[in-house]
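Next comes just one chain, in structure tokens: the form predicted on its own.
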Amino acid sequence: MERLQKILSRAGVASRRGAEKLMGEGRVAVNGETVRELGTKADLARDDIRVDGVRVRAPREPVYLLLYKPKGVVSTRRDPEGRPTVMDLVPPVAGLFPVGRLDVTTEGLILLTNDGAFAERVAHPRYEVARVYHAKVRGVPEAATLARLRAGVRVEGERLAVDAVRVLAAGNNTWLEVRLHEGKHHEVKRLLEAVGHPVSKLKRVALGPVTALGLAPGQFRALAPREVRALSRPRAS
């Protein structure tokens, strides 16, 4: 017997946090009974476990894809507004889902997998998987402004900070390289706007040890086994 959210994660339905959300929304049933209690245990071999009425099957062969998401593409499985999604750019693998999200106006790297445990490890801030962005901003930030970004800025009651930031190129506009690991909602854009340098273009160019080298917008590749191992390596204290 295993906790239900672990079963759903291993089967590639969602990450554990995503599975807990599904349960909280009343979308998970075991043997015909809706289950909301997070401590509930089940046996996938014996129990009829369903999400939105679809039976959960045993875990499939894990798939790990790296996609360079173009601007204008939504990083969800489906979009109610009918916009193109990341799923339109990769093969139709059963159980595949994007790990985290990139804003529709942001381009760059996003992972897709059917391995919920892997997705949890990559997405959760406690594992400190670095996310590296290149941001084109208005004006030229001073050294004191970059120091503020590292020290932390309170934005709408929430403290936001970067792990590292440096200037890549400066002119009328500036390209910055920003490194962080928390991945809060629109964190890079909110931070830079708060210090007076709004973002006009944003790209995610690295996830941990994995970079965008060799990928053009709309292209994808499978992660190498060593990359999967590196992203899965425990980092939490």
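Residue positions are given as counts along the sequence shown, with the first one as 1. Because the structure is a prediction, the values reported are computed rather than measured.
What follows is about the form predicted together with a small molecule, which we do not show.
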### Query
So in the predicted complex, does K189 come within 4.5 Å of the small molecule, heavy atom to heavy atom?
yes
### Message
L102 versus the small molecule, in the predicted complex: is there a non-hydrogen atom within 4.5 Å?
### Response
yes
### Task
Please check if T113 has a heavy atom lying within 4.5 Å of any heavy atom of the small molecule in the predicted complex.
no
#### Entry: Contact test in the predicted complex: L67 vs the small molecule, heavy atoms, 4.5 Å
no
### Task
Taking 4.5 Å between heavy atoms as the contact cutoff, choose which of L176, L207, V56, L202 touches the small molecule in the predicted complex.
L202
### Query
Out of the stretches listed (46-54, 179-187, 166-174, 33-41), which one is close to the small molecule in the predicted complex, meaning heavy atoms within 4.5 Å?
179-187
